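Next comes just one chain, in structure tokens: the form predicted on its own.
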Amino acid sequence: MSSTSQKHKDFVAEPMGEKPVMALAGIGEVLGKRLEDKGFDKAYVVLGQFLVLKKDEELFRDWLKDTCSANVKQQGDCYGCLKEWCDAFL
């Protein structure tokens, strides 16, 4: 059983609204800045990419790695965060 961070729990506990990209689990200042520089400034913009990729874990992880050089743990944290948010709110 995997545990989730407080950041993950906080994110999935409520609607996304205008949360910044760094509110996503696995995305800190460095990755957040890289994503912002490529136009992904809000969590909902990353969610859009997640949905475009049909919530496919492998595709999303590859996209995150290619877009902001996220490592395996960061990829997994961000994917899990968005997947759980979608399960709760979509």
Partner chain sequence: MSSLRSRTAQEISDLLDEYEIKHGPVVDSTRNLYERKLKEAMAKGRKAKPSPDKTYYREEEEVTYEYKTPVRSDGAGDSGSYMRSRPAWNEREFEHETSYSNYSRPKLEYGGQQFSDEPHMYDLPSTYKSSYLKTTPGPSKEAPKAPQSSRLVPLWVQFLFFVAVAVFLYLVFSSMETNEPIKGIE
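Computed from a predicted model, the values in this text were never measured in an experiment. Positions refer to the first chain, counted from 1.
The following text describes the form predicted together with its partner chain, which does not appear among the structures shown.
Taking the partner from elsewhere, no residue among 11, 29 and 31 has a non-hydrogen atom within 4.5 angstroms of its partner chain in the model of the complex. Contact annotation: residue 58 falls within 4.5 Å of its partner chain in the model of the complex, judged by heavy atom distances. Proximity of residue 66 to its partner chain in the model of the complex: non-hydrogen atoms within 4.5 Å are present. Interface membership of residue 41, defined by any non-hydrogen atom within 4.5 Å of its partner chain in the model of the complex, is ruled out. Among heavy atoms of residue 62, some come within 4.5 Å of its partner chain in the model of the complex. For the stretch 34 to 57, the set of residues having any non-hydrogen atom within 4.5 angstroms of its partner chain in the model of the complex comprises 40, 49, 52, 53, 54, 56, in sequence order.
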